[in-house]
Every structure is written in C-alpha cells, then in structure tokens.
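Just one chain follows, in the form predicted alone, and it is written as structure tokens.
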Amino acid sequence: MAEAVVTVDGWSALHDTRHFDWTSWKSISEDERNKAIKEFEELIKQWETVEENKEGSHSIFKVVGNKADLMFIFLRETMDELEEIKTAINKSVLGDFLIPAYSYVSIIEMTMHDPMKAGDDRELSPYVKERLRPIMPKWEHACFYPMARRREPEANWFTIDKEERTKLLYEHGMTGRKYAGKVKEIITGSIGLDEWEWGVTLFAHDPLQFKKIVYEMRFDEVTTKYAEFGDFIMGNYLAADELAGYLALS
C-alpha cells in the first residue's frame, strides 16, 4: 500500500457564493435599502477587527458570469466560527436578498514531505505558520476551483509511491514559482469535508495570469495524468467602502 504523506493544517475555510435578488431589492424603499447596507457594513467591521487581530481573514468578490453575484471567502480557526458567520449573514436584512448559490468547506493544508521542517504541533516555524494562517491579499481578482486526483486503473494517484508523488509535485511547484509576485495561492484540503479533495484559491492583479498559470500547469504530469477539476469561479474584489455603490440603484 502506498504511504500517505503528512499534512500540517491551519485555518478552516468557507467559500460562500450568493445570487443577489435584485428584483426584490428594487421593490423596497430607499430608506430600507440604506438601513440594510449600514447593518451589513457593521458586520463587515466585525470581520475586519478579526483580521486586524490576525485571528482570521475575509474577502468579498463580485463574481464575473452567472454562477453567482457575490463570493465571500472566510478563514477562521474553527468550523464553529464559519457557521456563525454564515448564520449572521442569513439573519441580516441584506441576507434576505442573498440567495445561496454554491459553497465549499475545507481546511488550509501544507503537504510536508519532510515533516521536521514544519516544527512540532505546539510551535510551527514562522514560514509554515504564515502559510497556514494567512491574511488574504486584497488584490483585484480571485479565482477559486475545486479539484481531485484520479483513481483510474492506469492513473491512480493513491497507488503510486511517495517518492514519485514528491517528484511530480516538486516539478509542479517549480512551474508555479514562475508566477511569484503575479499570483498568490491558498491550498485547502477538503477530503471528508466536501465533494472534491482540494480547493485552490488564486489571487492576482491581472486575471490573465489565472489563464496563464493554469494553462501552463496543465502540461505538468501531475495534472495531465492525475488531475480532475470542478467549476472555476472568477471574481473582482469588492472593498467594504464599495458595497453601497455596488448595491445602489442610481
């Protein structure tokens, strides 16, 4: 039996996409809309305080295309906190207009082919800690997609030996390094948590870089032979002070 690799795990992650009910939003008064926006802005301030204290992170994106209107990404220490955030959104007045479209639950992970480099459970190395508990960059664009490894007779990722997997992932990582400064990524594991096995969240100033990095990585053997992908969700960053403008009807 192939040997499983060791992972070190960090914050829990929730990708929550919503359709916005513009028809109902237009039917209420301007005063009601303004109150709903102000209430939601107060909710965002709470999230910002958590981020300032480095106890979690969040970002909101306007989704391009019709898969959703908004994508919320939350990173927190526990799943309980993620559920509380989802409930707070749903209980808000604005939440009445936010219709669930798709969600993805996962946990930030790093695969440690040499676990000694991570440190022990009580004291992670600074590099590893930053990767496992990151503050998401407030860059202009984000792209999220889930993925899994194939388990076919001639291409079963879980039957090849650890050394071969390490080599393939190293080569894959070298491709990614070409995009340092252009693309940042957060890898989350979702085996046992959601229908895919991993989630990938990419951030960039220029969305063209998403196309370039994913295309180039398709030629790495670890992808060509062993990877399966779900839907890609692409969004443009929505800052807190832009929310009112996004929801304005005039």
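Only a predicted model underlies this, so the values are computations on that prediction, with no experimental measurement involved. One-based numbering along the sequence shown.
As for the form predicted together with a further copy of the same chain, it is not shown, yet the points below apply to it.
Using a 4.5 angstroms heavy atom cutoff to a further copy of the same chain in the model of the complex, all of 90, 214 and 223 count as contacting.
When contacts are judged by a 4.5 Å heavy atom cut-off, residue 203 does not count as touching a further copy of the same chain in the model of the complex. Residue contact check for residue 197: one or more of its heavy atoms lie within 4.5 Å of a further copy of the same chain in the model of the complex.
Put simply, residue 126 is far from a further copy of the same chain in the model of the complex: not one heavy atom of it is within 4.5 Å. Although the partner is absent from this view, residue 54 stays clear of a further copy of the same chain in the model of the complex, with no non-hydrogen atom inside 4.5 angstroms. Within 4.5 angstroms of a further copy of the same chain in the model of the complex, the stretch 156-180 places a non-hydrogen atom from each of 156, 158, 159, 165, 171, taken in sequence order.
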